[in-house]
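One chain comes next, on its own, written out as structure tokens in the form predicted alone.
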Amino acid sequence: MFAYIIRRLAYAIPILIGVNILTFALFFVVNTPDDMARMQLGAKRVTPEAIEKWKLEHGYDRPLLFNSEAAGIERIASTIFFEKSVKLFALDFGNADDGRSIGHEIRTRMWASLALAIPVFLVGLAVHVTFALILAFFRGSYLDFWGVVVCVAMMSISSLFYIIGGQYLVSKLLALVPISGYAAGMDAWKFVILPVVIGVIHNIGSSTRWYRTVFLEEIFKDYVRTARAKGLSERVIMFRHVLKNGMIPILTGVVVVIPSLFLGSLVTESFFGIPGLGTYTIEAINSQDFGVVRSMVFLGSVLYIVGLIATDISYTLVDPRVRFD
């Protein structure tokens, strides 16, 4: 197992390098440092002197990839790519175009994202697995049929409908919770409870159908037939055997999602005014802040790779038959 983890980490290095280079290339295909300066200065007509001053202050006055005027290693080190992208491998995120530390913003904002994402993940997992197990238990009945119909209907509705509808009904008409905003500490629950409920409801359709499929596949396996032949009740079979074995693919699927909890939800945080990493990324995209965008893309890639490795490890823990040499 240890050797397998080392190999996976070694494979991750070229992947991260490729993501870093691709992000850098795509960003500068859309924008040049001059374009970034004009946008940040907030004027349609700015003097060349002002543009050069902004580029000098933010480190965009150097060549992109190769500095022919420098000597030795400085030809590579004294470039925008090295200063803005290579240092990410040392988790040095640098500063945003507004001068604020990106690392400090990530450490500050991640708690708001986690306060929203963790309850959605845990409550959603419990609710979706429960609903799926009920549908599988009553398979072939009217409850199962109409349950699948409702799931398909919910999958067909945009998440924006749930967000806007929830804000209008719960916050505006009933005035039960604030419509948007965020407060740190114990008061945070008032601002995250509605996004959490909406997040759970929005994913009921897709998650329940997937988990139901997993449980139905387990129901028709030989060990279930053997359990029925031994006289075990359907309830015992479902909750003691099918649920246990069905959680193997479910667990490996949800572990991949765990790293994304750190990065927050772009749409939900934006609509509810939660100052998490999702909102931070949206604001950076709107202002074309390359420093923040490439930091969030790189961080997301790292977390996704960690999630894949954790998925493989969790699979070996829940299924002893799987071993990695």
Partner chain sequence: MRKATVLLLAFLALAGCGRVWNDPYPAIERDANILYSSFTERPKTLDPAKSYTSDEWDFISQIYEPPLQYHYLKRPYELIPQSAAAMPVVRYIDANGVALKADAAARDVAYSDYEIRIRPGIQFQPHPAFAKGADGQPLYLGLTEDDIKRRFILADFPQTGTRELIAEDYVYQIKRLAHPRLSSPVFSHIADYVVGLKELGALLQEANKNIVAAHQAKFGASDQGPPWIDLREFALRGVTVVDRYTYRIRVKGKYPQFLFWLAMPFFAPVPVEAEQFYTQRGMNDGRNLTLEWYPVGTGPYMLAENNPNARMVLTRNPHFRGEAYPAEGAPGDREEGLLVEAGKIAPFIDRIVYARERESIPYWNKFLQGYYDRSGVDSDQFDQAVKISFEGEAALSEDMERRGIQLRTSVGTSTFYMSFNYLDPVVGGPSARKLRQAISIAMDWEEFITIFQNGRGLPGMGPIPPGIFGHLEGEASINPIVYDWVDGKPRRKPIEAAKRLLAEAGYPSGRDAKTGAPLVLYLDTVQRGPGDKARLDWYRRQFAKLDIQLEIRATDWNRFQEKLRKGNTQLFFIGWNADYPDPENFLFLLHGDQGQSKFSGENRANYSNAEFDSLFDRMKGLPNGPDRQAVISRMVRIAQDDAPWLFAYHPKDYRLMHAWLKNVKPNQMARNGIKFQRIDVAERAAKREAWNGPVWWPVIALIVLLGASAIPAYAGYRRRERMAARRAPVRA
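Residue numbers count along the first chain shown, from 1. Remember, predicted model here, so these are calculated numbers, not experimental data.
Just so you know, the form predicted together with its partner chain exists too; it's not on screen, but the next bit is about it.
Picking from 113 to 121, 234 to 242, 147 to 155, 69 to 77 the stretch near its partner chain in the model of the complex, with a 4.5 Å limit on heavy atoms, gives 234 to 242. Contact between F271 and its partner chain in the model of the complex is found at the 4.5 Å heavy atom cutoff. Taking non-hydrogen atoms only, R209 never approaches its partner chain to within 4.5 angstroms in the model of the complex.
Remark: F161 does not count among the residues lining its partner chain in the model of the complex, judged by a heavy atom distance of 4.5 Å or less. By the criterion of a heavy atom within 4.5 Å, S260 is excluded from the residues contacting its partner chain in the model of the complex.
Although its partner chain is not shown here, in the model of the complex the stretch 6 to 41 places heavy atoms of V30, N31, T32, D35, R38, M39, Q40, L41 within 4.5 Å of it, in sequence order.
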